[in-house]
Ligand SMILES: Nc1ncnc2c1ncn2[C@@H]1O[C@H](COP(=O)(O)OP(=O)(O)OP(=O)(O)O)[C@@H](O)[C@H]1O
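Taking the form predicted alone, here's one chain by itself in structure tokens.
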């Protein structure tokens, strides 16, 4: 799988851009603020319908414009596919697939990417929401249909939490709350089951990647952390029953506080280093190694899922966004050695010398929103 062509209109700093991409390594080089990250952010957007830099789409639309367009051609399994998303100010985004009208979510799963960025340090040092987002992104890459359950869960969660707040002072008929409980538990059970499968599949890849990136750093392990039970079933229906029972148990506290206290939105990905929680115990360098292990492990897992006997959608495109400037020489070399044989790698760097020699390839300058010789 690889991206062969990218076109932008009014995306971030670009009134327009048109870039041809080849296999192997492509490095976009330029000083900070020139637009390098905006390019790879656009490609990433077509993969996950979101940005790794901002929580909403509004900042992605160039100041003063009414909409932004991201368009790309993707080559996979011998076919060329056209993906397009239009981001609108104040209304829902629209999409096209091979020039036909589509829902944006229909594009999920077509282009698979794995992104490394300075923000990844928050996967280890930050709050649980970032780790939940990482897990859900992986689950959708492995099972694209899950994006519907995730969206429905967020909608039901908002409705249920709103009802809890309005019922705080009127403990009358809670029949509707019972209905929301059942729906939340059904969706939550499916999401937790998908996360458990993803963590189980990812864990050995993370452990192996950490040993490569930090061979003297001990053992890195991941596990799914939830308040439902210590020994969790793997079946979605059984997990839904556990969640429903938990919701009934904590309802009095929920009515007092006006928040939903149980469900996948409260869970976490536990990262340990040498048996100790990485958050709070790991040094800065160890934290970087853990974050790299999560991303390299994800790449390895998705690549293994895309083997010759698999129905998966192909080796993911690697995006390394200004990550080498954050790493010492040893971690740079270890990361490059793991990724140098990838089918397509897109790198951004302030100076070409930051990129290890093992990842030498095509270099495209980016200056004041101009890409190459545009």
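Being a predicted model, the structure only gives us computed values, none of them experimental. Numbering follows the first chain given and starts at 1.
If you look for the form predicted in complex with the named molecule, you will not find it shown, but the lines that follow are about it.
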Counting only non-hydrogen atoms and a 4.5 angstroms cut-off, does residue 332 reach the named molecule in the predicted bound form? no
Hey, in the predicted bound form, does residue 62 get a heavy atom within 4.5 angstroms of the named molecule? yes
For residue 32, is any heavy atom within 4.5 Å of the named molecule in the predicted bound form, or not? yes
Is it the case that residue 67, even though its partner is missing from this view, gets within 4.5 Å of the named molecule in the predicted bound form, heavy atoms only? no
Heavy atom within 4.5 Å of the named molecule in the predicted bound form: which residues of 6-21 meet that condition, in order? 12, 13
